[in-house]
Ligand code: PLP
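Listed next as C-alpha cells is one chain, alone, in the form predicted alone.
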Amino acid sequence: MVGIAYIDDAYVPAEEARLPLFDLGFLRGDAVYDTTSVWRGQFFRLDDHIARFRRSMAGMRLTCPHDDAALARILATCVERAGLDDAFVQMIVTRGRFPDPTRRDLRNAVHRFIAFALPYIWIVWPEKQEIGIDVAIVENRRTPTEAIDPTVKNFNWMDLQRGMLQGLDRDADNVVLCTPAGHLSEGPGFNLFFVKGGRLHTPAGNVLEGITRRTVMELAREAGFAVETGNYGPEALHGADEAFLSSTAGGIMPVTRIDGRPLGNGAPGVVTSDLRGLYWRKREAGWLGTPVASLLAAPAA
C-alpha cells in the first residue's frame, strides 16, 4: 500500500499503522472522521472539512490535541511524505482507551487522533463515469436520525454495508438507501442528486451534509440551475431525467440505470455532464484550493 499515516505522534507507512485492540474506535465503532482530497497538489475546501470535523467531534464529545493549523500541517505532511500529487486524505478521532479498563466511564477515555494519505480513491472510476453506473434502491433502511445523527460523520456503517451487500447481490454498481419513512436518502460515502425538467433535486432527510454536495449546489446555481432539497420517494428517482452521485472520492459521478432499468436515455445527462466538467475544470485551476506546499512551509505552533 502506498501511503503515509500519522498515529500516536509518529508518521509511518500506511500499511504499518495499527490500532490497539482495546481502542473503543475498534471495539465499539466509537469514532468520527472527515475525508478531504488533494488534486494536483492542492487540498480542496480544507477549511470546510476541518470545520465539519470539529462539529462531528463536538457532536460525540471527542477532542483533538491539535489546533486547525497543526492539523492541516499533519495532513499535508502525510501527503508530502507519501509523494502524492492526487490524494485521499482522512482525519479520525477515536474514543481511545479507558485509563483503567475495570472502570468504564466514557468521560475518562483518552482519545486518539489518526490521519493518513493514500492515492486518490474513486467511488466510480473515471472510465466508468463516462458511461454511468447502475444504482439499486435497496430494502435496507438508513438508521433513524434519532439514533445516529447523520450530520456527524461516523463509522457506524452497518446500515450502509447491509444495503451495499443487497445491491451487489442484484449486480448493481452501488446503492441508495431510504429513510425509515421511505424517502430517498444517500449511499455509502456519497450524496444523491437527480434532475427533472432542468431542476436539481437532492434528498433533505437522513443525509450527511456533504462538502461536495454543497459544492454541487453552488456550481449549479452559478450555472443557472435551480436546486431544491426535499423528501422524495423512490418513484421520483425512477422518473428522473438524469441522476448523479457526489463525493470527495470521485466528484460528480453519473448514474444511468436505476434498479437495472435505463434512466432517461441511458447515457450521462447534459446537466450532469456540464456540472461534472465544471467541477473538474475549476479544481484543476485551483478553485478553493490550498497548496500542500504552503502548509508545509507554515511555522509550527
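We number the residues from 1 along the sequence you see. None of these values were measured; they are calculated from a predicted model.
Keep in mind that the form predicted in complex with pyridoxal-5'-phosphate (PLP) is not shown, yet the notes after this line are about it.
Exercise. Taking D134, I137 and G167 as a possible spot, do all three reach pyridoxal-5'-phosphate (PLP) in the predicted bound form with a heavy atom inside 4.5 Å?
Worked result: Not a single residue of the candidate spot has a heavy atom within 4.5 Å of pyridoxal-5'-phosphate (PLP) in the predicted bound form.
Exercise. Which single stretch, out of 126 to 134, 220 to 228, 110 to 118, 155 to 163, brings residue heavy atoms within 4.5 Å of pyridoxal-5'-phosphate (PLP) in the predicted bound form?
Worked result: Flagged stretch: 155 to 163.
Exercise. Any of the heavy atoms of N191 lying within 4.5 Å of pyridoxal-5'-phosphate (PLP) in the predicted bound form?
Worked result: Yes, N191 sits close enough to pyridoxal-5'-phosphate (PLP) in the predicted bound form that at least one of its heavy atoms falls within 4.5 Å.
For this session: Would you please decide whether L208 lies within 4.5 angstroms of pyridoxal-5'-phosphate (PLP) in the predicted bound form, comparing each non-hydrogen atom pair?
Result: L208: yes, in contact with pyridoxal-5'-phosphate (PLP) in the predicted bound form.
Exercise. Taking heavy atoms and a 4.5 Å cut-off, does P203 contact pyridoxal-5'-phosphate (PLP) in the predicted bound form?
Worked result: Output for P203 is no: heavy atoms all beyond 4.5 Å of pyridoxal-5'-phosphate (PLP).
Problem set entry | Contact test in the predicted bound form: Y232 vs pyridoxal-5'-phosphate (PLP), heavy atoms, 4.5 Å | Contact check for Y232: no, nothing within 4.5 Å of pyridoxal-5'-phosphate (PLP) in the predicted bound form.
Exercise. Pick from R141, H183, R213, R73: which has a non-hydrogen atom within 4.5 Å of pyridoxal-5'-phosphate (PLP) in the predicted bound form?
Worked result: It is R213.
Problem set entry | Selected contact from R45, R257, R52, R276, since only one has a non-hydrogen atom within 4.5 angstroms of pyridoxal-5'-phosphate (PLP) in the predicted bound form | Spelling it out, the residue with a heavy atom inside the cut-off is R52.
Problem set entry | in the predicted bound form, residues of 220 to 253 near pyridoxal-5'-phosphate (PLP) [heavy atom within 4.5 Å] | Counting only heavy atoms within 4.5 Å of pyridoxal-5'-phosphate (PLP) in the predicted bound form, the contacting residues of 220 to 253 are S246, S247, T248.
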